[in-house]
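Just the one chain here, laid out as structure tokens, in the form predicted alone.
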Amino acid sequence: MANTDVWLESLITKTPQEGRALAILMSRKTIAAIQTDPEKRKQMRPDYAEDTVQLIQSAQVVAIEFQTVAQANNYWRDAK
């Protein structure tokens, strides 16, 4: 990766909702790392915006990232 900016200092979040937001951010950063041209990403957006299969696959990527965050947070061990 050419970009050396640190954007992920920790997987630890206070709440599951924050964890889900982090999972979405992680997913978006992954796509940006794979397709580095923002104009190409913008051009491709209409293709998947209308494709149910691609949208479901995107949700699966977020779910996998969320699983990683949840495990790192010991499934929010202090949750009551």
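This structure is a prediction, so every number in the text was calculated from the model and none was measured. Throughout, we count residues from 1 along the sequence that is shown.
Only in words, not in the display: the form predicted together with another copy of the chain, which the text now covers.
A residue is said to contact a partner when one of its heavy atoms sits within 4.5 Å of a partner heavy atom; Glu39 fails this definition for another copy of the chain in the model of the complex, lying far away. Taking non-hydrogen atoms only, Thr13 never approaches another copy of the chain to within 4.5 angstroms in the model of the complex. Shown here without another copy of the chain, the chain has Lys40, Met44, Arg45, Asp47, Tyr48, Ala49, Glu50, Asp51, Thr52, Val53, Gln54, Leu55, Ile56, Gln57, Ser58, Ala59 in 39-59 lying with a heavy atom within 4.5 Å of that partner in the model of the complex.
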